[in-house]
Every structure is written in C-alpha cells, then in structure tokens.
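Encoded as structure tokens, the following chain is the form predicted on its own, with no partner shown.
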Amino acid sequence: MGSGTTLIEAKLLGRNAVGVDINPQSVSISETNLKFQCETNARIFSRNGNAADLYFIKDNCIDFICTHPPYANIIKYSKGMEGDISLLAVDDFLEEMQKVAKESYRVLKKGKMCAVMIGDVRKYGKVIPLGFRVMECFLQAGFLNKEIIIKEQHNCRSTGHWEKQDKNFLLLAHEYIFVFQK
C-alpha cells in the first residue's frame, strides 16, 4: 500500500478499496493521507498485513488488484521487519511472490484483472530480469497474461550518479506493468 496513492485515487473515483501493507508505518501514513473530504461514498480500508496471507478476504470477492511490490533487496523498507520482502535476496523474494500470486488468484473474481508493476535489477553489473520472473509467478498461479506495458522511469534516484560514470551498460530506466486476468 505504500503511502496510499492507489487508495486516494480509489476514494476520489468513488471505488471501494482495501490496502494492505506489512509495515505499520505505511498503514499510518496512508490513513493520514486519506483524511480528506470527498464527495464520493467510497469505503476505503487499510490494514496491516501480508499480501501472501489475505485470510481476512473471502475467496473470489475482489474486482481488481493493483500492486507494486518492492524490488528484491534494492530499497529496504524496514530494518529487519519479519515478512518484509524488500529485505530478501532475489530467490527468496520470488518464493514469497509465488505466495502473493496464489493469494491474489484466490481473492480475485473470475474474469477480473490484476496489475503488477515491477522492474528489473542489476547486480554486479549483470541484469536480473526480476520483472519477467515475477510475471512467471503469476502465470504459474493460474493467471493469464493480458498485457505487458513498459513504463519509462523518470525519477530514478541513481541516474545522476551513473550518467557521470564511464560505463559500458545501459541504465535500467523502465518498469513493467503486467496485466493479468483470472
């Protein structure tokens, strides 16, 4: 759920929404950001929890899932918080994303869509195609791939650093938005 941008947009559009984040600080920030008056009657719920275990959501009851998971040990969102996948190396991260994909499949209604935004990572000068490996987790969970959107990134924190370096590789300046259907 991060800072709650998707929940804010849902509220503005009058759509009911549930946001889940493992970090209680994110839940608090989201709840603060949602404290504005709006002319819609959307019901917005935020919850401290793990996307790999959505026990509080019934089977086949969600119309749309929108998620932007962290990128496997690139930016750490906590200091040792249990269940925080931003702390995991790639293989462990993908193991957890398999659980997230299965839970997403369970709660989503048949025929409805799930959008996942994620990018690739570079480790020791080599590209790890994290995006496509995450896509595979969702396909293995039973989703069908409806679309792959490539989103150009304009706000990469490290771009300025790498532009000043004598480098023999291209910057990772894109993310994928995978649109799946159940």
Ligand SMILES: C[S@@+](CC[C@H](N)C(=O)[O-])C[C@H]1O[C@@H](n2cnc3c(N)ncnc32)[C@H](O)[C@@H]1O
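Given the structure is predicted, the values throughout are model-derived calculations rather than measurements. Numbers for residues come from their place in the sequence shown, where the first is 1.
Heads up, the form predicted together with this ligand isn't pictured, but that's what we're talking about next.
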Report summary line: Only one of 126-134, 35-43, 145-153, 64-72 has residues with a heavy atom within 4.5 Å of this ligand in the model of the complex, and that stretch is 64-72
Query - this ligand contact at Y105 in the model of the complex, heavy atom, 4.5 Å - result: no
Query - Contact flag, C114 vs this ligand in the model of the complex, heavy atom cut 4.5 Å - result: no
Query raised in the report: Is there a non-hydrogen atom of A141 within 4.5 angstroms of a non-hydrogen atom of this ligand in the model of the complex?
Result: no
Query raised in the report: Quick one: does A17 come within 4.5 Å of this ligand in the model of the complex, counting heavy atoms only?
Result: no
Query raised in the report: Which residues from 1-30 come close to this ligand in the model of the complex, meaning a heavy atom within 4.5 Å?
Result: M1, G2, S3, G4, T5, V20, D21, I22, N23, S26
